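Quick setup: one chain, the form predicted on its own, written in structure tokens, and binding and motion questions come after.
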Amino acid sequence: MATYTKNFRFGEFVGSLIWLILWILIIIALVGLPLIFIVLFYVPLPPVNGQVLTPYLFLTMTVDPSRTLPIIKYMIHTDLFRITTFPGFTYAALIAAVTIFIERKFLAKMQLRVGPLYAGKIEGILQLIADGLKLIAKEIIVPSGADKPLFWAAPIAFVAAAAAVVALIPAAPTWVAANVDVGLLAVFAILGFFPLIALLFSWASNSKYPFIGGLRALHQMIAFEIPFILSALSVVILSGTLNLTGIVNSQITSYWFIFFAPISAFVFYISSLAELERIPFDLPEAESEIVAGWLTETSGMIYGLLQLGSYVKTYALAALFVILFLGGWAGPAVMPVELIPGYTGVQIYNHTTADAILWFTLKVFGVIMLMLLPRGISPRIRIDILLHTGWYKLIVLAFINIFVALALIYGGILGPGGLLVR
């Protein structure tokens, strides 16, 4: 059958581009600006030069940079900004997106493949956007007989739980959405919800393969959660606090805890792989055995939300490893003291915070690369080996490092007045 290919016309392309811009402006004028005004009426605005801001005055001041900077500085120190942007969900989602692309290219290089190539001129850099648009456009298929409310709610709950863990993790001094005294305990409490969400979703799918995968996820959680918590207990003993910011500060005044608790760091790393269901602990999603495990019946953005939650959780556990064992944001000063030399106006830029964010992000990506590495070199282990590893070997190793931590504290090497405290 003959096909007709329409010739490309530059004029038509420019016309369609102008038409698209026109529609965007119309939507902004009819929808965007009214929403901004509604939000501004409920968000307390700061006084600038002794003048109380109103929503109308706020919009007129945004065209004047000297007046805009105080507003921006005020906004980035609000709780809303910390939760939604940095170090909250948007920051974690961006790292998750970069992780997905890096993983595909990294594994391709390890296995002498090309990986994403065509979407974008530089190493297929736009492939992630193409995949996201494809998932948004695909139909969501709900299995017949499925429990629809649970089937729709579980992916949202999965992402929400990952975002809740991110909210507890500080990315720089004073930059944390929820700085609670028992932050480490709260992190483990939230992590316990993930296998339960997977089990509920697999049961709601009304399919045998997802249900088998959900049961495996529950078994895996029970086997690895105890050594997971015990591995962090040695850090709590060394630092004397459950507060994540306090744990980082205790390493700044002494040395990174990975030097004193390397066994705990190893147990935490292995348990993190099991918590993330990554190879070699991907039994809940074993493709060669149970199709795709508890993800078998997912499609469209249901699958997209679960993948987003999984990679946000990867960032959260990598960041938690950095905070517990690698000194958090501690590192040498490399950023310039002044971003704009000689500027005497309102300073949004802080070189100390910039250094902290830089080192924290670099350390997180380093740990993420270690988490991605086993997928390219390790086979999947049997479930009996998995349970034996969690219940016997890792628990014993975690207890060994707990005794080492206690010896360091009572021996006067670490802790208040210790020999290695700077």
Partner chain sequence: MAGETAADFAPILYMLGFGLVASVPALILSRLVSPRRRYNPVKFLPMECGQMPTGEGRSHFMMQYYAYILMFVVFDVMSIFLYAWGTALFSIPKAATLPIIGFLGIMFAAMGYALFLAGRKGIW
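Positions refer to the first chain, counted from 1. A quick note: this is a predicted structure, and the numbers were derived from the prediction, not measured.
There is another form of this protein, the form predicted in complex with its partner chain, and it is not shown here; the text below is about that form.
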Within 4.5 Å of its partner chain in the predicted complex by heavy atoms, the stretch out of 326-334, 96-104, 110-118, 225-233 is 225-233
Within 4.5 Å of its partner chain in the predicted complex, heavy atoms considered, which of Y255, W203, Y349, Y269?
W203
Name the residue from A217, A274, I190, A171 that puts a heavy atom within 4.5 Å of its partner chain in the predicted complex.
I190
In the predicted complex, G88 touching its partner chain (heavy atom, 4.5 Å):
yes
Going by a heavy atom distance of 4.5 Å, is F211 a contact of its partner chain in the predicted complex?
yes
For Y392, is any heavy atom within 4.5 Å of its partner chain in the predicted complex, or not?
yes
Is there any non-hydrogen atom of V14 lying within 4.5 Å of its partner chain in the predicted complex?
no
4.5 Å heavy atom contact with its partner chain in the predicted complex for all of T84, I141 and L242
yes
Could you pull out the residues of 180-207 that have any heavy atom within 4.5 Å of its partner chain in the predicted complex?
V180, D181, V182, L184, L185, F188, I190, W203, A204, N206, S207
